[in-house]
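Here you get one chain, nothing else, as structure tokens; it is the form predicted on its own.
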């Protein structure tokens, strides 16, 4: 669908809106029910209609339904499809930016993935809702309108998430509340900016390449590795061929059974969410060291909401350099 709200004689900014489902597209049987809904019921064209009318002149919208899923069911095949569609639209010279409607549960993971793979020079803005489209007071329309504002902002680039008027970098955003409409935080890093009455107030730079792609390795090697990752994602090969990486958690009494089982199943990488400064139960650490001896890549993050692992010379397992703290 293309909706042209351009005033006569001016050149509109083309914003592509990709729908993937989620609560923002959810439908409940009662307007007073904010939790007993079915996600991914309302099409992206229907979501965009009121926003396109309100936005007024100067923006041309293109709507595309990539998927209709509850984001708890997000998977690698859909990530691959979404990345391809983003790459296609980003290459179009007349496209100013992309907005993606997405569920809140895995929004941070999709955002991080797209930033790492695409590193877009234009804005890619994920937005969402904590209340379904049928709610008495839905939050989705305002979030979508704010996302369009960010996607239309000159100089904006990289992947960000917009919710409750806040702009979060894909590298830092975390869902930190299960119910409130302002459900996300950027932790210690802070917000990229705010959307206030249709204007962006920028607080810090737009997101750039994730640190873990370039830290502790030559730049040429980092660039080569990044190109290889992008080529693999954009290829027609099945996403099942991607190396499997799992997350395990440290806690009181944690053992190595899960790690041993993952290694037996052919896992290629493990991110361990340690307690505190990435600390690990002795039995869990022993299993992770066995996994490393078997050729599995292992890094430590922390299960703490804020902060990151600070490395010491005595560490037996490398830290994730802050890159995976939010997924842990």
Ligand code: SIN
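Keep in mind the model is a prediction, meaning the values are calculated, not measured. Positions refer to the first chain, counted from 1.
Here the subject shifts to the form predicted in complex with the ligand, a form of this protein not shown in this document.
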Within 4.5 Å, heavy atoms only, which of 134, 71, 80, 185 is in contact with the ligand in the predicted complex? 71
Can you pick out, from 101, 104, 143, 169, the residue that has a heavy atom within 4.5 Å of the ligand in the predicted complex? 104
Per-stretch contact check against the ligand in the predicted complex, the hit in 150 to 158, 124 to 132, 185 to 193, 250 to 258 (non-hydrogen atom, 4.5 angstroms): 124 to 132
Are any of the heavy atoms in residue 301 no more than 4.5 Å from a heavy atom of the ligand in the predicted complex? no
For residue 51, is any heavy atom within 4.5 Å of the ligand in the predicted complex, or not? no
Applying a 4.5 Å heavy atom distance criterion, does residue 39 contact the ligand in the predicted complex? yes
Interface residues of 156 to 194 toward the ligand, as seen in the predicted complex [heavy atoms, 4.5 Å]: 175
